[in-house]
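Listed next as structure tokens is one chain, alone, in the form predicted on its own.
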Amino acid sequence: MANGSQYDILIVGAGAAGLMATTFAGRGAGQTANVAAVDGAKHIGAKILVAGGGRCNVTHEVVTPQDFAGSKRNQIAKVLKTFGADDTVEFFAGLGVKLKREDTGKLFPTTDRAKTVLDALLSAVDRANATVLNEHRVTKVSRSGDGFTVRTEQGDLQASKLILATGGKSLPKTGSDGLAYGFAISLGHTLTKTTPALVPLVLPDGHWLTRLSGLTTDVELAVASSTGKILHRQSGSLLMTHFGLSGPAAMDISRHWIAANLADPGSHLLINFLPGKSFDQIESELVALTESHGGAGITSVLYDYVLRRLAHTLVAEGAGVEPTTAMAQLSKPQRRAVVKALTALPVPVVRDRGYLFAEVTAGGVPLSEIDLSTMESRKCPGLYLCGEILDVDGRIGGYNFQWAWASGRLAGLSAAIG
């Protein structure tokens, strides 16, 4: 594309939010408008293709503001209500992509191929009379009269309206390098501190939990302050790994552990291997079992509570009790140590695995700086923002895609008709 090319609407970033914004900007602006998305990648849609293990978890059957963190939930709700999960299902059906619900409530394409989703989005852009300019890495954006100048490695582009849909810093190998946060700042915005989110957590080298690598179990995780106050709880499946903790529960709570640790380095993570049950409940049950099964070994009794491999290790390493100890021989402190290991095991997380392994970025441009009826900047007229660049991050399970679809659609439509 030659220098000085003029566009009515230019979208920076051609990921999920960017392709959605481009489609609806093209649809809304009409056949005579010049609408394009620019992206530095050689091949568009890398994040879409790796999502959901290569199947692309398009959305969740039920999406609420409570599934998100970052900006205020009432602000997030204003955007989500413009395009909900049912609208997403209908939109993709219109593109020829049928979605199926799995037991978790996650919605995937019936083909189980993320490429089905990407191909449909690219076709939608084309049918909307819009263009995607790949290998056009943007290095700078600036105001230019009533519009914008977008500097790319292929030359400068001019735009009457600009949409930033550049993503955050997560999975940088897909092209998310965080450069666009600087674009937003240069156009008048502020930035809530960014950190990885939906990211595995690392334990000290050789920690005994890492010897359970490959074990998966349902848990409740809790982030506690240095004073013991519970700041956040999260239930779900936990995967033990050679480096620490992964799986939905660990990924979901990671942003809360990171935020708490930044504010209070004494904050820590607790694991309840018996979600829904308290210390007092389990202690009462073990006391009763001591009376009826006093000769049974503590580890064998715990087989009715947790996986066998986990029971032995929790008793020996988590509670510091000899695994063959009979129930009747347990001292009160030993019994309570076992109960604590079961219901409130402190875990010495040392760090997260960083943006290289994070599925999304926490932080970004605050929604308070956006007109949530249009996604237009309150700081810079003619500028719109959508997707991960904003201070909104959802749980694992298709929620972040739903935010991308909703905010991208609203930004594209508003830029076209505003």
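Please read these numbers as outputs of a predicted model, since none were measured by experiment. Just count from 1 along the sequence shown to find any residue number.
The same protein also exists as the form predicted together with a small molecule; that form is not shown, yet it is the one meant from here on.
Residue heavy atoms within 4.5 Å of the small molecule in the model of the complex occur in exactly one stretch of 365 to 373, 41 to 49, 346 to 354, 24 to 32, and that stretch is 41 to 49. Only one of F273, W257, F183, F148 comes within 4.5 Å of the small molecule in the model of the complex through a heavy atom, and that residue is F183. Put simply, of H189, H268, H136, R335 only one has a heavy atom within 4.5 Å of the small molecule in the model of the complex, and it is H136.
Using a 4.5 angstroms limit between non-hydrogen atoms, A93 is distant from the small molecule in the model of the complex. Interface residue remark: G175 is counted as part of the site for the small molecule in the model of the complex, having a heavy atom within 4.5 Å.
The closest heavy atom approach of A165 to the small molecule in the model of the complex falls within 4.5 Å.
Contact check for A77: every heavy atom lies farther than 4.5 Å from the small molecule in the model of the complex.
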